[in-house]
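As structure tokens, one chain now follows by itself in the form predicted on its own.
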């Protein structure tokens, strides 16, 4: 029987090849965007597609130029401002949601109230509602309070929408911790604040990293709220990209691909930096160290 078994090495190569093919199929659209970002205007519109071409950085230069020439018309870009807006808004909102959500999750996990599950379900339902359902009252609220077009308004809104996800994620991590160490610390006279910061929080760093990455992705790609609630000075990249499409001069595919390529970089960098914590955070409670 042992002689009839398929060699382990051959099976491993087969799985690796299959995984590589699937990964390439999924990654191909991203690869095509990156290649288009380095093409000239004519190469980007060539039919059939041009695979061998002379790379150019013209599109990336135009991304951060205040204007670029499109025939006889000058079109404003200035995406340096929009990139700053996206980074600042996404980073601030995720940070606020993490701070508030982690504290709330610890409270729900360690000091449950009567009807605790009902409260958690109500919190979760606020995240389950489609954005289009609540956009009108939120828009009116922003107009009345003067938050429309401001950094504070969109940051608080994103933080509120990230809060339910953060609470549920972090509560699951706190629930996985053994209470024995905490009970021993209480017997030694540790306060709840010291116990939270010195014992519990260091053990859920992986969960914080995983929650931060997912929250960043959701906020980074959000379009509807950013379209209706930001102004010219607070506009984010998704909205700015949508507004570069169309017009009398047509779509500058090379410029759009360069913007999309740069748009991917911050999320990729964050995921790469937090990859060790991210893997542990996603598998927390299922895989023991």
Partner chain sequence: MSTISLRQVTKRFDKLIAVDAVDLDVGAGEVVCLLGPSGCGKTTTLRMIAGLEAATAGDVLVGGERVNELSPSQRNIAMVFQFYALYPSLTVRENLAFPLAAERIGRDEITRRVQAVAATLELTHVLDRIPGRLAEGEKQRVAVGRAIIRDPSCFLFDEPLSRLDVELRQQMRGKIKEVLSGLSKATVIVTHDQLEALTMADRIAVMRDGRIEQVATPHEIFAKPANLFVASFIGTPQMNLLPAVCRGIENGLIRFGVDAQEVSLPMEPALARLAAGAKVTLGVRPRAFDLAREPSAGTLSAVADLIEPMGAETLVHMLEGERDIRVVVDRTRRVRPGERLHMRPKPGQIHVFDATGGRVSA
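Numbering follows the first chain given and starts at 1. Source: prediction; values computed, not measured.
The protein also exists as the form predicted together with the partner chain; that form is not presented, and the subsequent description refers to it.
- Screening 203, 92, 172, 150 for any heavy atom within 4.5 Å of the partner chain in the predicted complex leaves a single hit, 203.
- In the predicted complex, the partner chain sits within 4.5 Å of a heavy atom belonging to residue 189.
- Although the partner is absent here, residue 183 is a contact residue: one of its heavy atoms lies within 4.5 angstroms of the partner chain in the predicted complex.
- Contact check for residue 87: no non-hydrogen atom falls within 4.5 Å of the partner chain in the predicted complex.
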